[in-house]
Structures are given as structure tokens and as C-alpha cells.
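What follows is a single chain, given as C-alpha cells, in the form predicted on its own.
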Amino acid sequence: MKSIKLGIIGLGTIGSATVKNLLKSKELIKESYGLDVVISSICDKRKDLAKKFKDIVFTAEPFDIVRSSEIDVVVELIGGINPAFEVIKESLKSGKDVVTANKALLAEKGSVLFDLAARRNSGRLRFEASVCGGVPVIRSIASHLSLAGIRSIVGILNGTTNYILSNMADFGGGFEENLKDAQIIGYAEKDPSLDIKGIDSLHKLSILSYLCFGRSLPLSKVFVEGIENISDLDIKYARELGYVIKLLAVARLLPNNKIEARVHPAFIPNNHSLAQVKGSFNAVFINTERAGEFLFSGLGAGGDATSTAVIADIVSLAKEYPHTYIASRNKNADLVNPARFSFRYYLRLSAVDKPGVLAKISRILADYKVSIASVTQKQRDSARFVPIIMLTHKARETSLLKAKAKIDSLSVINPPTQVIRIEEI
């Protein structure tokens, strides 16, 4: 029976769950794969945890594990950029295999690490747990779907925001109220900025873009918008119009060898499979040239779900399965400038209820070549203003935003006008 010795760095939520589930599934792994997985060393800065691991070497210094001749696989679960980057880089250089769940690091430094792992005599790199928790989307893309000619990926990649938006739709309440609920039950961090502002989704999208298109995304050039301005009114009107609102991460390879990449809330039809992804679940919808469409969905966060992906990566390394990354085919592909995006749009305006107001709004939209598909005036929401809901035909992003600014400058408008893109999946 083959034996593999692990050094696990970090005993946070994922690290603790990985240790627990490795010990629990030790006999199952032996029976199923003929593999004896041994936790040889554990590293955590909290030295008082050492007493929990009597038969395992415990250290507070991660490079003790990196430099140990006893370790076959380094499992990096500390998160962040430093010292995680140096830990993984030095491990790969020394020939040690690495498993990580570090999405932020791979989004920032992934191209360096992927290139390093591709070198002869370097260690191998696995990162299934970095996107969508326990959902095996990375392995599926790298081992199968990349051969089918991937055209686009559309993902619900953050469980916190999906939980908030789902609760707003199913149980009511505003954004702040549902964010507090998510924090109470542990679905949202005390500081939820990375989640609600779309940064977490951006990191995951960068990893998926590399796998699908061979191009890591320059994070500063990707359009990102969070969900903090989505109101209960938007949720309500979306339902009336036959849509749901989701925070989407989208990447498409265009015929001119450009990549369209963006993260933002969007209307999607309520009969689309992504619309049924609720709570803290994640999902990735992939369209391919030769094999059609695929949907991957499951728990996208939490120690147990994510540790399942970590353990699967460890087993795949031991069984010498192929690398879960691909060569950079479109390494120099340009990103589409967000100013060139075109969408259909949902607009929610708050306007004075008197004759001629709608004509003024329509005239401004026409001046900027934004065509109206439908208009509905809702019940008065204040003593003076009424909500007006508009859906547009497809329009250039820059034109729509210029029109919005002009409309919001009118004395008969209570700004800001809400703008949400309608995703054509």
C-alpha cells in the first residue's frame, strides 16, 4: 500500500475540517484507493493547539514543514498572500506537491505558481478547493471540458451574497437586515466587504478564466460591482417581471481573441437553472463549442464541503492523476473595455408624478440611443415621488450611464436611478 505524508499549514475552519475528515476517512481511503494518508506535521501560530495532536509533529513555523524531508505534500490553508506565496513557491521548487484553497493568492500570483509547477522536477499544484468549495468544477474543466472548446462561464461564486439575495427574495426584508442575519448564522464575516463588493467572486473568476481560456485576469481591469445597493423593491419588481437577481461572475472568450470579464448583480430569467440556486450554494454554468452546456452546483463554502475538495486533491496527487491546470493558450488576450459592454437594462426611477415627466426621461434616453422596451409606473412611494420601472433594449454601457446622469440631474427626479443589467445566458 502506498503511503503519503502530509504537512498541513493552518488550522482555521478549512484546516481543522481537513484534519478531522482525513482522520475520519482514513480507512475508506485505504479501501478505495490503496492509499495510506498520514498527517505527519501540522503548523499553526496558536501553539496551545499542539496538545490536541499527540502523535503529530506540531510547529508554529510554516517553513519547518516546507523544508522537512519527511513531507510529500504541503497543504496550505492559511489564506492571504504572505507568507502563503513563499510557502507554495518554495515547496514547488523543492519538488514537494502542494494543495491549496487560497483563491486570493491564485488570483494575484497564480500565473507565477502555475508556470513554476509546470517546470520539470517541480512539485505539482492542486487547487480544487479554491473555487466553489466541494464542487468539482476545476477538475472537470481541466480534465474534460477544456477539450470541448469553452465559450463562456457564468457563475454564482459567493455563498454569502447568494444567501442574502435569496433571503430577500424568499422572505423579504432589505439588504442590511439580511446581511445581519447572514452574520449571525456564520454565513457572512464580521467585515463582509470582500463578499458583498464582489471581490471574492472576482478572485474565483480569475482562476476559472485561467483554466478555461489560459488567461489570468488582471484584477484591476475587471469591472466589479457589489450587491450593497440592491433594495427589496428591486427584488420585488424583478419577480413581477419574471426575473431573479443574482451576483454573477462572467467570462467569455470572444472571436477576436478578447476576453469579456465582469462581476455584478444581474437580472436572470426565473426559469434558468442558475435562478434555482439558492441559499449559500454556488453554481457554475459553462457553455462549450462541442459538448453543449454544463451546470455545476453545490455548497460553496464551509469547512466540511471545502475539505472534501482538499482531500480529493491529495488523493489525486498520490494516484498520480494528470495536472489540474493547462498551458496558457491566450496568455496575451486583451480584456474588453467595460465601456464597450452592451446590455439590456432595468431602470428604477423615482419621479415627480405630473404630466411631461415621462416624456423628458424618454427624450434623454433617445438622445443617447437607448431604446425603451417597456415602462410601468408603480404605486406612490412618498408624498411626492412615484417609482417608474423601465426595461430597455440592448444599449452601450457608456450611453446608458450618460443618460442616467442626465436624468438624475432633472429637478423632477429623486436620484440616484437604479441600474441593473439583464444577463442573456
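Start at 1 and count along the sequence shown; that's the residue number. Note that the coordinates shown come from a computational prediction; the quantities given were computed from them, not determined experimentally.
Just so it is clear, the following notes concern the form predicted in complex with a small molecule, a form of the same protein that is not shown.
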Considering only heavy atoms, tell me if P416 and the small molecule come within 4.5 Å of each other in the predicted complex.
no
Would you please decide whether K51 lies within 4.5 angstroms of the small molecule in the predicted complex, comparing each non-hydrogen atom pair?
no
Should G300 be classed as touching the small molecule in the predicted complex when contacts are defined as heavy atoms within 4.5 Å?
yes
Taking the small molecule as it sits in the predicted complex, is R67 in contact with it (heavy atom to heavy atom, 4.5 Å or less)?
no
Let me know the one among V98, A117, I196, I78 whose heavy atoms come within 4.5 Å of the small molecule in the predicted complex, would you?
I78
The one option of V37, I361, C43, L400 with any heavy atom within 4.5 Å of the small molecule in the predicted complex is C43
Partner-facing stretch of 28-36, 390-398, 43-51, 368-376, counted where any non-hydrogen atom is within 4.5 angstroms of the small molecule in the predicted complex:
43-51
